[in-house]
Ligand SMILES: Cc1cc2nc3c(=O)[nH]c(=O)nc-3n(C[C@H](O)[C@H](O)[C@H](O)COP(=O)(O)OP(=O)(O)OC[C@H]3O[C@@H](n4cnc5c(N)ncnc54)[C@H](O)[C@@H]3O)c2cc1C
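One chain follows as structure tokens, the form predicted alone.
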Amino acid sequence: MHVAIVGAGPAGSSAATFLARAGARVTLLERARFPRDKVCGDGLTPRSVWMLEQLGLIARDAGPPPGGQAITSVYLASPGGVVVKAPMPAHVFGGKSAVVPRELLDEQLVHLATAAGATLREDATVEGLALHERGVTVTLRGGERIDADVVLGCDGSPSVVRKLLGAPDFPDEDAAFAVRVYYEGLSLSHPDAYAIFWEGELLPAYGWIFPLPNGRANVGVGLRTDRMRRAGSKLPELLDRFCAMPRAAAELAGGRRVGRVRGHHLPFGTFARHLVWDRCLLLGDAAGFINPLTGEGIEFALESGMLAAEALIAAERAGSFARAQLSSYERRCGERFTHAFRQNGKLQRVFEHPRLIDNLMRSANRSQRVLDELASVLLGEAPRIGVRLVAAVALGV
């Protein structure tokens, strides 16, 4: 089995590693050259760390990947000044988290894939895709053609593979834009915490400060696309406003920006459809595997790589790469996380209203049960929303 994987980010490198270890011939096509940056919050949730352990990038009891900052807690600040400071929830994949710049993480992951036997082709821009009875032909810029049995679209958003397959664009209400910038020279008050701020003047946008080693941090804001277009908002300006607000300004005092502000499109899992074709699968951001509440996508990219590899290995044994045979991938993704995506998409409304956010944070400070359920929801791990959490939002009890 020859698998051509378009995009060597977390989804592509994860799939490549699992497939190569299973004996498949794998060609990774990456349009850039490593090391290369990727706009992201850089956060590794507990599920992300668990996936890195499954891949073998880090040992089970080891610290974060090289260049990363271990995260042991969360710091959530509501519009009304209610603050929740709590340990990372141990009930969610052991609670181990980290922040690692994507420039470092993605290079480590692609090296893992090549060490497993995958072939990396850099400066390889895909411009064409043709399906036929014997396989799939990928055409690169310059005219080179690569024949494979299967193609995996792991090329982020916007995805060239998704477009070539004829899948629809993500609606504005099922997507967001985020911008981030790096700071250095900081003395954060919570250097071990994911810090997320809901400021009344910025809602429904939210801001974050994620710590990195040696006094650095990833600082950004995110806003749903339809709200951004309706308000005529410019995210770099929102980021400047966020950084100047008292709570963020206190954290960033004495620091300085490094590099320029960069932005990225975030397609939400509430529109995670159109995943499977004959001989083709979409993974990661290209499939829309992003948590609508937090914008987190690394964990789902890594796991979709594992699930895609399992589906292809089973399909090869069955002797068919037709859509019907590959549909197990779509089913497994649905079982693992797309239900939570749709649930969290509905919960976005809560985090647009200052009073409801304040209620939720007050209740989380009073009740460990509410705090645990809130953590599970934010991390995309809650199978359903409990009555207790609903009461906390509505009444603050």
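Numbers follow the displayed sequence, beginning with 1. Just so we're clear, the structure is a prediction, and the values are computed from it rather than from any experiment.
The form predicted in complex with the named molecule exists for this protein as well; it is not shown, and the discussion that follows is about that form.
- The single contact residue among T125, S327, T72, N214, judged by any heavy atom lying within 4.5 Å of the named molecule in the model of the complex, is T125.
- With the partner omitted from this view, the residue of P79, P191, G135, G295 that lies near the named molecule in the model of the complex is G295 [heavy atom within 4.5 Å].
- Heavy atoms within 4.5 Å of the named molecule in the model of the complex are found in exactly one of 283 to 291, 311 to 319, 183 to 191, 143 to 151, that being 283 to 291.
- Taking the partner from the other structure, the named molecule in the model of the complex has no heavy atom within 4.5 Å of any heavy atom of D174.
- When the named molecule is considered in the model of the complex, G345 lies well away from it, no heavy atom lying within 4.5 Å.
- Taking non-hydrogen atoms only, E251 never approaches the named molecule to within 4.5 angstroms in the model of the complex.
- F210 belongs to the set of residues with a heavy atom inside 4.5 Å of the named molecule in the model of the complex.
- Contacts with the named molecule in the model of the complex, taken as any heavy atom within 4.5 Å, map within 41 to 72 to G41, D42, G43.
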